[in-house]
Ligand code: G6Q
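One chain comes next, on its own, written out as structure tokens in the form predicted alone.
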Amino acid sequence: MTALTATPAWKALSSHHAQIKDVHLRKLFADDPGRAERFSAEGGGLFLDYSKNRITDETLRLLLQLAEERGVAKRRDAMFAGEKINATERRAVLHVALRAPRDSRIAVDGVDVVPDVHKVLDAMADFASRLRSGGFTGHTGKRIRNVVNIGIGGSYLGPEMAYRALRPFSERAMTFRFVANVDGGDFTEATLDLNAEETLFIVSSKTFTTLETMTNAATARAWLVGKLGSDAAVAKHFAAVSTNIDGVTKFGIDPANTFGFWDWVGGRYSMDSAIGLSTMIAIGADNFRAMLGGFHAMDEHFRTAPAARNLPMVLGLLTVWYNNFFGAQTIGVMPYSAHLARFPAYLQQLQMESNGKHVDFDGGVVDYQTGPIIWGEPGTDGQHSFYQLLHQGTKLVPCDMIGFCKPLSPLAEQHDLLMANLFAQAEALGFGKTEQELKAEGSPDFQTPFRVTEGNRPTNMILAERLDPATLGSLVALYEHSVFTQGAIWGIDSYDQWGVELGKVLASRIIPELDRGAEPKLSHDASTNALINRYRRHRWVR
């Protein structure tokens, strides 16, 4: 494949950027009355207005040409066909199979995986139904009322984000907690007010060897046995999401309460697999399947919609435009919904673990920026913290702004206030306020320079009818496929994460060096050696 920066479209985009980089959104809208209608698209229950971006028709044409030259559609089709596009691990990438209808056929190595997916979903649904109805009881016969999800990375961020997003649809008589951090304080606080007789732990680890997860699982086991006085209680108070049946059984978990998934499911793409067991228990099997329907609707949109009207492709191409031609290093994600408070954190892993790569498919070091830094907070909270920098700072921060037309809360007037703020912030970021306008409004001369806002700050506006399970599925899939599009353009493997491994290896080496006892002989760098010695001195002082 031709090097990215040597492609005709890339070269044309570089020249085009030089011509329009200083053109203001005010002018773009003044010169083009139909811009808002033309630069918008709809699919999977979502509406995207991307007219407040620093683009023209020519920009979009060249970005779409770049996607064609980089084979984005071809690579997309290979993913949906079950080809092993995760080349460094020689695996298929088939999170789309997790939400495929029963009558679909998706093959990996000639084997249709869809029946197995639905077999697991049916088993999850049965377990969730028995738990929610009280048919499944704990060791002492009491009903399970508390669920603690133990995982890390994708087996934590996805379930926690989904639970918070869909809490209006959850079983309010049950309590759900999420433990990931190996800091003992995380587990202590999560279980402090729980009755062990009414608590179920879900341990999510594909290999059942993940250090942080298994450390917390062992702590949970000790807590439960200490409270209930019997190892036999483990079988009635633990479930597992894992492929390591031997490890699960040795732990004491009933294999019947173990739910598997496959090596073609990456952790950060797994919230709609058995990793979502806690989500299904919270919202019920029907709502969980509605969420899968939303995922599938966006999958089909991404697979079939023309590139110019394809939401994930357009969103991904705009990320490339700002990341590589404007030099923007971050993207803000601002959901105007308190229920989506953890959505930016979820997208951090999805985006940054997928596309935080410095080598291409061939192992060559790239000479351009890849994945941007993702960050954000819900509106209107952010308006009173970091929006000052967005409006008047010196850094360009493109933002995705997400809103819903119908509230889930009965406080409808407050929803109108929330949405007014959403639309106002996007307008202010795009068009700002000039010195002349301020003076015409009577701004004092000594204040005017400080009140000028330049505008020309790009935003994408994503709107849906309401935040329900189907919408959440569609929204997550939108970003999954946007990440895919970016990775295909940059020529990187978005589905491995070798950079995560180094820290794990070094941590396993350091762990025994922190134990109480004779001072170990250290062979790290001088800084790390000094820090370990300082920690040991303070850790073990009486």
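What you see is a predicted model; the values in this text were computed from it and never measured. Residue numbers run from 1 along the displayed sequence.
This protein has a second form, the form predicted together with glucose-6-phosphate (G6Q), left out of what is shown; the following refers to that one.
Interface residue remark: residue 88 is not counted as part of the site for glucose-6-phosphate (G6Q) in the model of the complex, having no heavy atom within 4.5 Å.
Although the partner is absent from this view, residue 385 stays clear of glucose-6-phosphate (G6Q) in the model of the complex, with no non-hydrogen atom inside 4.5 angstroms. Residue contact check for residue 497: one or more of its heavy atoms lie within 4.5 Å of glucose-6-phosphate (G6Q) in the model of the complex. None of the heavy atoms of residue 195 is located within 4.5 Å of glucose-6-phosphate (G6Q) in the model of the complex. The three residues 318, 369 and 493 each lack any heavy atom within 4.5 Å of glucose-6-phosphate (G6Q) in the model of the complex.
Partner contact region in the model of the complex: 200 to 208, out of 200 to 208, 225 to 233, 456 to 464, 309 to 317, criterion any non-hydrogen atom within 4.5 Å of glucose-6-phosphate (G6Q). This chain lacks the partner; the member of 379, 138, 82, 267 within 4.5 angstroms of glucose-6-phosphate (G6Q) in the model of the complex by a non-hydrogen atom is 267. Here is the short version: of 299, 353, 160, 400, the single residue with a heavy atom within 4.5 Å of glucose-6-phosphate (G6Q) in the model of the complex is 353.
Residues from 138 to 157 that approach glucose-6-phosphate (G6Q) in the model of the complex with a non-hydrogen atom closer than or equal to 4.5 Å are 152, 153, 154, 155, in the order they occur in the chain.
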